[in-house]
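Next up is one chain by itself, shown in structure tokens, the form predicted on its own.
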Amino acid sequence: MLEPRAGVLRMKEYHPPLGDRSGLRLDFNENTLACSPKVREVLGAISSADLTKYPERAPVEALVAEHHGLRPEQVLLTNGVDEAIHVLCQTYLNPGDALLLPVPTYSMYEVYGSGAEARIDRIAAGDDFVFPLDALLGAITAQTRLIAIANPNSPTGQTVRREQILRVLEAAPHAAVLVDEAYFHFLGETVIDLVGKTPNLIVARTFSKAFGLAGLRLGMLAASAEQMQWMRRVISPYSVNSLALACLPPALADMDYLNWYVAEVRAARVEFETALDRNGVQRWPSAANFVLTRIGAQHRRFVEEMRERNVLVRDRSSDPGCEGCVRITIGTREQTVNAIYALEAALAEIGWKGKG
């Protein structure tokens, strides 16, 4: 019988959104409204002849680099951040090397790390999901070749301070340190200014969240030119398609729209957190476009009741330390009015008495 290699057999599975997602999408942290109107204009102008040509990353990478204050050779566009993570694992991890992860965190780090046959060293977050700096520093060994830090983190929304990231970088000069800033726009703090100055730092960004381009699959890596040459060797030369490359420049140009959407989400997050507190639902502070809540034993039924009201939310009970937890994406303020109505109706339906 034909079987895959051992690393594939050990890979953790990731389950993407499936089925009918026609309701209010508060389950996968996407932009819940729309991308910039300027993106739609460009899409409408793309001809059938344009689709006959292979995509060219370099001109758009130069534009992205300028937007982030970097040099073109320090930027690599990817087919979403998922491909970025895959590229990093293929670039830096040999079988038996260690991937160091503070958990809970984004599942794809472990998926691709295990696929590279790396050892996964998990470090549990502290109380209230606080970043476990001391424990993580103590777990760094000679075998540690990649450390992944999401800031803000998913599914918790917690943040990592700049000085904490600097300590990790200094403690592991032999390891690539990925700082995944997928939710950067909702936090507003970054370490991308250290790219090229700190040799082992790699920053990831996505255009799926605030920019609203999840369907086009666009992410980026930023790293020193010395490290980027190896990532370019690993990545498929045509993995970012022509439609995505055509749509990114107008998205970057329309910062007014981006800033409006981010402001909407930040304001709506406050309103939603207030509603959670009013209803006695345990939550954790979030710097992202979602809030992690603890519903308790009835978490599955709560998710179903929200779906009955055309609001999709994500059960995160299987994540380490997240028993009974549900993550809820934050949309616009108008959408949040509907989300709060559904929340309170769903809680009443399950006989909610507060605090899970």
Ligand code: PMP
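Start at 1 and count along the sequence shown; that's the residue number. All values reported here derive from a predicted model rather than from experimental measurement.
Omitted from view is the form predicted together with the named molecule, to which the following refers.
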May I ask whether V81, Y183 and S208 all come within 4.5 angstroms of the named molecule in the model of the complex, judged by heavy atoms? yes
The one option of A244, I202, L76, A150 with any heavy atom within 4.5 Å of the named molecule in the model of the complex is A150
The one option of L99, L88, A223, L218 with any heavy atom within 4.5 Å of the named molecule in the model of the complex is L218
- Tell me, yes or no, whether S154 is in contact with the named molecule in the model of the complex, where a contact means a heavy atom of each within 4.5 Å. yes
Even though the named molecule is not shown here, does Y109 get within 4.5 Å of it in the model of the complex, heavy atoms only?
-> yes
Here the chain appears without its partner; judged in the model of the complex, the stretch of 174 to 182, 228 to 236, 277 to 285, 135 to 143 with heavy atoms within 4.5 Å of the named molecule is 174 to 182
Applying a 4.5 angstroms cut-off on non-hydrogen atoms, the residues of 29 to 47 near the named molecule in the model of the complex are none
